[in-house]
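Taking the form predicted on its own, here's one chain by itself in structure tokens.
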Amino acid sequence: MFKFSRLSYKKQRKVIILLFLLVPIVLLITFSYWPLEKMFVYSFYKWNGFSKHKEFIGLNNYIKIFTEPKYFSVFKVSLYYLVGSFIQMPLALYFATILSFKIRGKNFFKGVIFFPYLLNGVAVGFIFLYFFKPDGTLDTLLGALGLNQLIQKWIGNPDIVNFSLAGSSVWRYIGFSFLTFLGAIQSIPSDIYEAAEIDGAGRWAQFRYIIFPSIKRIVELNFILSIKGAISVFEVPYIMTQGANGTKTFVIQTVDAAFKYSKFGLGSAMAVILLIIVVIASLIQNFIFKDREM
């Protein structure tokens, strides 16, 4: 009869490691790799997602996406979020730098800045839905300040709605950028600051010659993550406008194709293209960082 205790220590260790890995591997295959394989297969079919009949159409779904402008033109909406991330990163870096120094109440302000990132995307969507609605929080605030002439249809005007949504995204994700910058800044040895202060370096000089060169790679990482985030925006515009008024992103268009218009094969092909774009962005990120390590 097999007895685990009779195995050598080395074999016991291997068995225990394999048993611990078994559950996460099964979950990973079941909920990630198997659906991914199915998505790739469905992208070559014309299928409504429910019928038992699937028609193999080869690359037609991919050809349709690349030849019909309406599918790729939605990437223009991602530019608003990309520009928003360029505003978000300097703000996060500014707050992280300020709060890395000894100032009163800095832990409170750290919590205030990071808190929005803890909120669910759906909750953020509803918060800003009430914030931007007519006679909502923003309009009331502008009226109280005597700026009634600035009141707009923040999510009803196609000319400004994407700016409003990008602003919501900045509010939500500034906490993540802030946390990564703050962690990197706090990893800089304090004796470097002390030596700089002895040499008469002010806060700006410390930021320019100590902080920024030390966290340059974290800035680059945030830049790449911002590109990937801008491409895959979904929750906030879907909750607030459901893609109306020119706010439809590529992910919203993919979900609509699959579940609203029952074009499951086309939606799968769009999801594959989005995955390839994100993978390319990740490879570029790895190439840049690997090159810097050499």
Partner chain sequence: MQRLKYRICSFLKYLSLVLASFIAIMPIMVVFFASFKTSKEYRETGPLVLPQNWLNFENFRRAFGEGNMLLGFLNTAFILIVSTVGAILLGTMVSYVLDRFKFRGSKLIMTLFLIATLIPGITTQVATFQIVNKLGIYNTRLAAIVLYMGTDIISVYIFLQFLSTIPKSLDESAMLEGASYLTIYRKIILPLLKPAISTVIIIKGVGIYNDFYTPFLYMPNRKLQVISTALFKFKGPYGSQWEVICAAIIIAIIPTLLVFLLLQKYIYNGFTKGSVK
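Positions refer to the first chain, counted from 1. Take the two forms, find the largest set of C-alpha atoms that superpose within 1.5 Å, and that set is the rigid core. Keep in mind the model is a prediction, meaning the values are calculated, not measured.
The form predicted together with its partner chain is left out here; the points below concern that form.
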*Find out whether any non-hydrogen atom of Lys133 is located within 4.5 angstroms of its partner chain in the predicted bound form, and reply yes or no.*
yes
*asked:* So in the predicted bound form, is its partner chain close enough to Ser187 to count as touching (4.5 Å, heavy atoms)?
replied: no
_Would you classify Tyr42 as touching its partner chain in the predicted bound form, given a 4.5 Å non-hydrogen atom cut-off?_
yes
*Just to confirm, Gln242 within 4.5 Å of its partner chain in the predicted bound form by heavy atoms?*
yes
*Pick the stretch from 189 to 197, 158 to 166, 68 to 76, 91 to 99 whose residues have a heavy atom within 4.5 Å of its partner chain in the predicted bound form.*
91 to 99
_Heavy atom of each of Leu179, Ser232 and Ala271 within 4.5 Å of its partner chain in the predicted bound form_ = yes
*Those residues of 41 to 72 which, in the predicted bound form, come within 4.5 Å of its partner chain by heavy atom*: Tyr42, Trp47, Gly49
*Honestly, after the rigid core fit, is Ser282 moving at least 2 Å at Cα between this form and the one not shown?*
no
_Does Gly143 shift between this form and the one not shown by 2 angstroms or more at the C-alpha, the core having been superposed?_
yes
